[in-house]
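As a starting point, one isolated chain is supplied in structure tokens, in the form predicted alone.
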Amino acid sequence: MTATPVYDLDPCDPGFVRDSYPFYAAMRDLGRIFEWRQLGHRCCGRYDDVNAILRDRRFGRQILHVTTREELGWPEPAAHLGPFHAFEEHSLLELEPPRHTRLRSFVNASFLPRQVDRFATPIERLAQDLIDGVAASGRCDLVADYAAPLAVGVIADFLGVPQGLSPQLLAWSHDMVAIYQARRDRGIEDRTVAATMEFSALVREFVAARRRDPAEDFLSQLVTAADGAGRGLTDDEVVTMGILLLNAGHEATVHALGNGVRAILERVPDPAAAVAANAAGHVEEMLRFDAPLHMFTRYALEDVEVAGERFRKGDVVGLLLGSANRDPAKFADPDRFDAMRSPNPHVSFGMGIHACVGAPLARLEMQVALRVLFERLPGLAIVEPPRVKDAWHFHGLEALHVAW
């Protein structure tokens, strides 16, 4: 077996953060698997390998259910992160079967398209209200004034949380997801823990209220649901599920809308007419062309050989979604934005058992948001160079200043 090629690049490098795709092309040229020196683990960026490993049950999101810290040579977790780790113990994103199977069974039905479709009218109402708030000014920051309040508002409505809390939920969400970024320090970790505790306390109050008096919202569905044996979810499980929905759903949707509208305005002639004719196609191509999340990691759950490489139990592999979505072996002319691309099997929502459960709601939200935006503001144009967030694998814009 030949030596694994090594890629040497700081993931915080400004050029890489600003436009990762030329770097991904160089990574794919190295081979199916390469060692990313600064990340300290191997990665793959070709579509077929990323897609296959996402579906491969020999790889998982957690590892300590099949081995120990001692066997892996890991230190004990930092004590100050205890509240955050306790929260993550109930996260669908971090669990493997059988716990993952059990928890996911409680939420799958809520995200079926027929259940999600009833939110089309509230989503449109919120989108119209947000456009009403900026239309007369002639310009706005599309991220701060439209994408972010829309995304958090939709999730708040879905959960059954008052819209007036949206700014606070947004602040907590930002502080919690910051812990996953490449540039991380004790200050970020302390803010993550504080946000986790405060957010959890609020949601716990809502859960207690729903147990006393259920309503027609997602939290109520969670607190009243039971499996075939009559067992329901614990309060800790419901709290984590609710917060996870907001954090994952809001962050990804904001980034996808910002990235996607930028791509449309820069690359699509007569964007208002194009979106009106094919909003769904534009959403799928937005997700492929400039994905909101660029890497998932997986642990090898056993000794395994894949993509010509041997992985020992506990080894990490980084799956580069942003690279896979631009792989010319899968997508013809991948650097061209093409809303008519069909099929468009991008991996932006993941694959396998950890595929995004909220994908139907995200697709609906983005289609409505895009349609309303270009219907109401057909002369939309970018008026300042877009600013990319300094976060890399949570890939999105700091701001997108537009005028009409």
Ligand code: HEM
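Quantities reported herein were computed from a predicted structural model and do not represent experimental measurements. Throughout, we count residues from 1 along the sequence that is shown.
The protein also exists as the form predicted together with this ligand; that form is not presented, and the subsequent description refers to it.
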query: All of Leu244, Ala256 and Met366 with a heavy atom within 4.5 Å of this ligand in the predicted bound form; finding: yes
query: Stretch in contact, per heavy atom within 4.5 angstroms of this ligand in the predicted bound form, of 119-127, 165-173, 291-299, 306-314; finding: 291-299
query: Partner contact for Phe59 in the predicted bound form: this ligand, 4.5 angstroms, heavy atom; finding: no
query: 4.5 Å heavy atom contact, Gly153 to this ligand in the predicted bound form; finding: no
query: Exercise: Ala248 in contact with this ligand in the predicted bound form, heavy atom 4.5 Å; finding: yes
query: Interface membership of Ala209, this ligand in the predicted bound form, 4.5 Å heavy atom rule; finding: no
query: Residue (of Arg139, His100, Arg267, Arg204) lying close to this ligand in the predicted bound form, criterion heavy atoms within 4.5 Å; finding: His100
query: Candidate from Leu233, Ala252, Val193, Val161 lying within 4.5 Å of this ligand in the predicted bound form - any heavy atom; finding: Ala252
query: Heavy atom contacts to this ligand in the predicted bound form at 4.5 Å, residues of 339-372 in sequence order; finding: Ser348, Phe349, Gly350, Ile353, His354, Ala355, Cys356, Val357, Gly358, Leu361, Ala362, Met366
